[in-house]
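Below, in structure tokens: the form predicted alone, a single chain.
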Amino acid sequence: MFDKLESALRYQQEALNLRAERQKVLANNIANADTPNFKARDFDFRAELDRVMQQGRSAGEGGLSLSRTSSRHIAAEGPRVSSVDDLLYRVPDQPSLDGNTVDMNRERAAFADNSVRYQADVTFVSRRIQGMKKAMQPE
């Protein structure tokens, strides 16, 4: 039963994990917009999602982590920090004199786009779960 539920939601789960990871990468780029010699990074979301779906996550990769609100809660098992295999350097349109390659307009647009897609994925997953709950409840 649970393996069927997991397989039904696995694609969205992996997409959400990668969206969260991409949000961290983009936020890191924005935070270092004024750091000399900082090189903006990103990853190919589609390629990474395909890789995770085909190969699964390797050791050391995770996703969203759980937080405990009480010391009596059982600690979550599993890897703690997610990572992406191929973080790529962004090619700047107009590099700055200090070597920084962050283009704030591009970063803001990518950040907003990723946020909207993350929210859409969350909405899709919650509706899917609601549909499954309706299907399992007796009439």
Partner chain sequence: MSMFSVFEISGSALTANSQRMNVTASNLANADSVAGPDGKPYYARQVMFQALGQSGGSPGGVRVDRVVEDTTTPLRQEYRPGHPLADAQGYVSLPNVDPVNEMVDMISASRSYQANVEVMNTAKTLMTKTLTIGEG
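Numbering follows the first chain given and starts at 1. Predicted, not measured: the structure shown is a model, and the values here were computed from it.
Below, we refer to the form predicted together with the partner chain, which is not included among the displayed structures.
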Heavy atom of Arg10 within 4.5 Å of the partner chain in the predicted complex: no
Ala15 within 4.5 Å of the partner chain in the predicted complex, heavy atoms: no
4.5 Å heavy atom contact, Asp34 to the partner chain in the predicted complex: yes
4.5 Å heavy atom contact, Lys4 and the partner chain in the predicted complex: no
Contact test, all of Lys24, Ala27 and Gln130, partner the partner chain in the predicted complex, heavy atom 4.5 Å: yes
Contact set, 113-135 vs the partner chain in the predicted complex - heavy atom within 4.5 angstroms: Ser115, Tyr118, Gln119, Val122, Val125, Ser126, Ile129, Gln130, Lys133
